[in-house]
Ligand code: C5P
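Encoded as structure tokens, the following chain is the form predicted alone, with no partner shown.
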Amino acid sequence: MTQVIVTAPAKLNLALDVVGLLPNGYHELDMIMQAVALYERVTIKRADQIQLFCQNPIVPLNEKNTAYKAAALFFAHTGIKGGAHITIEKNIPIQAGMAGGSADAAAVLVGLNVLYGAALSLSQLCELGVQIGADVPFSLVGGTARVRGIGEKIEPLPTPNPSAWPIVVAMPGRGVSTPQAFARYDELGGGVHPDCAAMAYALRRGNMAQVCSLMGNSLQATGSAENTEDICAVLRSHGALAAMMTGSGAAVFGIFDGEQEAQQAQNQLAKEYRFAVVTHFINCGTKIAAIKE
């Protein structure tokens, strides 16, 4: 086996609650996370050292990249002497709150595990992933889940019917730094505190009306993302049942109960914003798309 191709999905936060600040400086979170049908595609080949390649010129191709960190951690943990030629096809917007960097890291962990026959379990990969970033374990698992702590506690939940609930996602012109977003939250305080336990219950019952009514993001009110409220207003004007920012921003999404309304919202947003798509819920995480011997 000389090459693997891995796909890793974007995520949205249906709910994000900042519970507190841990002694190590990390924020304790309670979230409902959802994988959606927008994927990073990562090709990994055996090599003597770690090398990164990406078509997006603003992606760092060094030790700061989550994919590089994942590869370095994999080899250090397993003791395998090797490297990787990693090509990242970026399809998830950068600094969007959609876990694009975490998806890249998850893809590298899954790909190297297969490429080098390490036979690490999903649980072991998640233990490595959380050392890279809070969203990496969920990027590995995917689907729908309640995620707590610093991202290491994952409780799978039923995924809503993809065909019944289209989602429109829009990204303004400027992204948001996650560390800066949390620093601003710490400085300003406040924000909503969505009831993630109630949302988990609603998802188990398949009650999407209640899920939408419970959506909220503690970081939105104090966030520095551009045009959040403007995008939310457009989504609601076209019939979105709920609309809000995902993660620390800057992407905004709305959930619809009709494909036509979702498409009309996407058409309007695409005229003004650099990224606007219709997508849907998926019940999977990072997976191998192809293997070459």
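Numbers follow the displayed sequence, beginning with 1. What you are looking at is a predicted structure, and each value in this text was computed from that prediction instead of being measured.
This next part talks about the form predicted in complex with this ligand, which is not shown.
- Across the options 116-124, 188-196, 174-182, 71-79, residues that bring heavy atoms within 4.5 Å of this ligand in the predicted complex belong to 174-182.
- Although the partner is absent here, residue 133 lies within 4.5 Å of this ligand in the predicted complex, judged by heavy atoms.
- Under a 4.5 angstroms non-hydrogen atom cutoff, this ligand in the predicted complex lacks residue 53 among its neighbouring residues.
- Interface residue remark: residue 41 is not counted as part of the site for this ligand in the predicted complex, having no heavy atom within 4.5 Å.
- Taking the partner from the other structure, this ligand in the predicted complex has no heavy atom within 4.5 Å of any heavy atom of residue 36.
- Contact with this ligand in the predicted complex, judged by any heavy atom within 4.5 Å, is made by just one of 215, 208, 150, 157: 150.
- Interface residue among 234, 225, 244, 29, judged by heavy atoms within 4.5 Å of this ligand in the predicted complex: 29.
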